Ligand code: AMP
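Just the one chain here, laid out as structure tokens, in the form predicted on its own.
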């Protein structure tokens, strides 16, 4: 109780929609950083960018159950609310909103969000309904918060791409993509990394560096990208015992497979010791 009181003296901790409305009533230039908690340096980087660009910053911590395809995955998703609040306090965040599931989904009349056929690629191909749920929950948050800007990491580039297109089409809110924060082994920081043991983390680092080199090889010879990817994927599966869902190149303009004379990224999703990991380079 004493700890919570200290937090409240430094930042506004909000748990009710009515309190959220009161707190943001006169705020016109809010920067919004949506998170699912278990905060790391990647989240902190997003918050710092928001604080530089906006007068006030609001962070949400909400693990959205509708975006999980696996119920067990939802149950085991890392949660660390006390340490998260300590981090947010140290960063001097203005507002932290901790809604319940019922609060977020109180409006039952919002239209259903669907992806078209061309958008059902990469993770959307393997995680049915996932991005629709992400877009739905962010749509609800934007209606509640009316932020000037949203700040998201590019580790899940497809998610950022879809959110940016949807939000900027329907609202006056600008969506900023921020670079992926990596550790000394080039591993992309992610809450899911906490589900891996030391041996798996070492493997993750080795796989990541192989993929970085693969991107460089493709950049030098785009016309043979599919052949190069096929060879490296077989080697990765054999050497590191991973299960690859997809490994492919797509351009950053419309996420199509045309990478000739366009900026492109190498996308991967794979399982390492039953933990699903994604990255792009």
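Nothing here was measured: the structure is a model prediction, and the numbers come from that model. Positions refer to the first chain, counted from 1.
As for the form predicted in complex with the ligand, it is not shown, yet the points below apply to it.
Handout entry: Listed residue (104, 144, 189, 98) with a non-hydrogen atom within 4.5 angstroms of the ligand in the predicted bound form
Key = Only one option qualifies, and that one is 189.
Exercise for the section: Let me know the one among 249, 46, 30, 214 whose heavy atoms come within 4.5 Å of the ligand in the predicted bound form, would you? Expected result: Spelling it out, the residue with a heavy atom inside the cut-off is 46.
Handout entry: the ligand in the predicted bound form reached by all of 77, 155 and 179, non-hydrogen atom within 4.5 Å
Key = Per the other structure, all of 77, 155 and 179 touch the ligand.
Exercise for the section: Can you check 34-42, 221-229, 237-245, 51-59 and let me know which stretch has heavy atoms within 4.5 Å of the ligand in the predicted bound form? Expected result: Selected stretch: 34-42.
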